[in-house]
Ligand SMILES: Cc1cc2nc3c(=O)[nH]c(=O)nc-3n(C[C@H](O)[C@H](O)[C@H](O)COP(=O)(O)OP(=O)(O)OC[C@H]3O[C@@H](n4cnc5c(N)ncnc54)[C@H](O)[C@@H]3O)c2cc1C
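Heads up, the chain below is alone and in the form predicted on its own; it's given as structure tokens.
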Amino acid sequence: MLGERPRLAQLAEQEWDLIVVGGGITGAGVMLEAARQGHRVLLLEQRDFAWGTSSRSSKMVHGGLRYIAQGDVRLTRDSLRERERLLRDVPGLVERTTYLFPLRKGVFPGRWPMTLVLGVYDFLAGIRDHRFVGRAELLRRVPALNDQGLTGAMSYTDALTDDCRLVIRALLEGSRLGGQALNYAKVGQLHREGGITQVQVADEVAGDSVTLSAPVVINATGAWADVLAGGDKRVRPLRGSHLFVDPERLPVSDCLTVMHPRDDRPVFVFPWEGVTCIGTTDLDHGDHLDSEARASGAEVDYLLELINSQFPSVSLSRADVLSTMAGVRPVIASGHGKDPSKERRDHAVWSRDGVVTVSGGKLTTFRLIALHALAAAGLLDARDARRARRSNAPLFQPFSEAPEAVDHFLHAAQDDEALLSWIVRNEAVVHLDDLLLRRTRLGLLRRDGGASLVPRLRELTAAHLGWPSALWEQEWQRYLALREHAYGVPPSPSDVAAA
């Protein structure tokens, strides 16, 4: 498990085959696959696990229809095969979902181009579940949808997940196989000598620091990859923001792909963890990466504009938004100044001064990305890498000692005392925001941010983490400030200018 926090001094006494820096989905995947191969592996994360991109994505385990249009059939094929594997291995955490792509008269793409693309999509996935949905049926399923020029929709399936829960699940599995992971462990300088890399690490919780060593270091820090990679400028940080809305105001039972009237970008509107999620935006992120990413007022305006054009009877406003979420995607830059939405989503692996860096890619293909990084680091030979890629063995083993809901969406966690207790004890909760914003999503899904749960949470953290009253108050105030700053609803730029 991840619950008993190791001391840096203990870690320094051990020999490591591999140190992984970065606790998002890529780093978790590398740790898991390295441990599966029998390597002694340690993962270090400077903040909380999944704190960056991997708790703030669009929650989709999918092949990516637009990658076919871009000619990247291989990425689509790999993504779809991994999607089917995850649907099989963690059916409560990765769930097949119906997607609807509304069609309008005279608007590209029409029914037959979409039918062709979806035929290829299903063929690559080894399934067949796309079909045309007529106008009348579509409006029965989505009655608030703008009916102007509407001719129907194409229906197909992809999958949704809770991205942070998927990261934690990979870390728990890697831990079960012998790997170790430590959050709030900031890596400083790296020094290579005699085939060994020295890694300076500071424990932000205990306050101590040590130098660890391993023959191989894999930099899986995502948007931060260029920093640890020695100054290479290969990553283009792109921000994507989402809104969470009360489903009574915007009820949807399927995932809709709707086009923004301003720029014809596709935006998703879908049910997730008991609320309706709207997103995402796609723009260059100019803020410092170590600052908590947050949605801008302009991005909120952009997404509300979309909803009120596609669902005109809803009249959604800022008052309807429960919370916002912004993440920074590590996209490998083409170097051609492309529109952010047109950059490719492939991952890249490169080496410098004994450090193997991996960045970019998709949540869905984290296993394949991890295998590529391990092969580049010399920890998998070509034959074993091919065998691992083609393996159909289960990715995760069941947890006999954990509540069954650990492998499920957790929007009902506040009603399950045993589940909350298990998470607090076993999932490396250090701060209250770890619990309310990532291990569960209670802070995002509830209008009060979880205030009504304070008595219960206070008891749990006292019982399992030993928090005295003074520390609880400190953590609660820290959490409230963070939620307001990074997950609240910013004002419109026009309102700010008027003030």
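In this text, residue numbers run from 1 along the sequence as written. Here the structure is a predicted model, which means the values were calculated and not measured.
Only in words, not in the display: the form predicted in complex with the ligand, which the text now covers.
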Counting only non-hydrogen atoms, choose the one of 307-315, 321-329, 89-97, 259-267 that falls within 4.5 Å of the ligand in the model of the complex.
321-329
Only one of L42, M60, L442, L457 comes within 4.5 Å of the ligand in the model of the complex by heavy atoms, so just point that one out.
M60
The single option of L363, A428, A229, L303 touching the ligand in the model of the complex, heavy atom within 4.5 Å:
L363
Does any heavy atom of H242 come within 4.5 Å of a heavy atom of the ligand in the model of the complex?
yes
Given that the ligand is not shown alongside this chain, does F101 nevertheless sit within 4.5 Å of it in the model of the complex, heavy atom to heavy atom?
no
Residue-level question: is V187 within 4.5 Å of the ligand in the model of the complex, judged on heavy atoms?
yes
If we define contact as a non-hydrogen atom of the residue within 4.5 angstroms of the partner, is A220 a contact of the ligand in the model of the complex?
yes
Even though the chain is shown alone, can you say which residues of 278-305 have a heavy atom within 4.5 Å of the ligand in the model of the complex?
T280
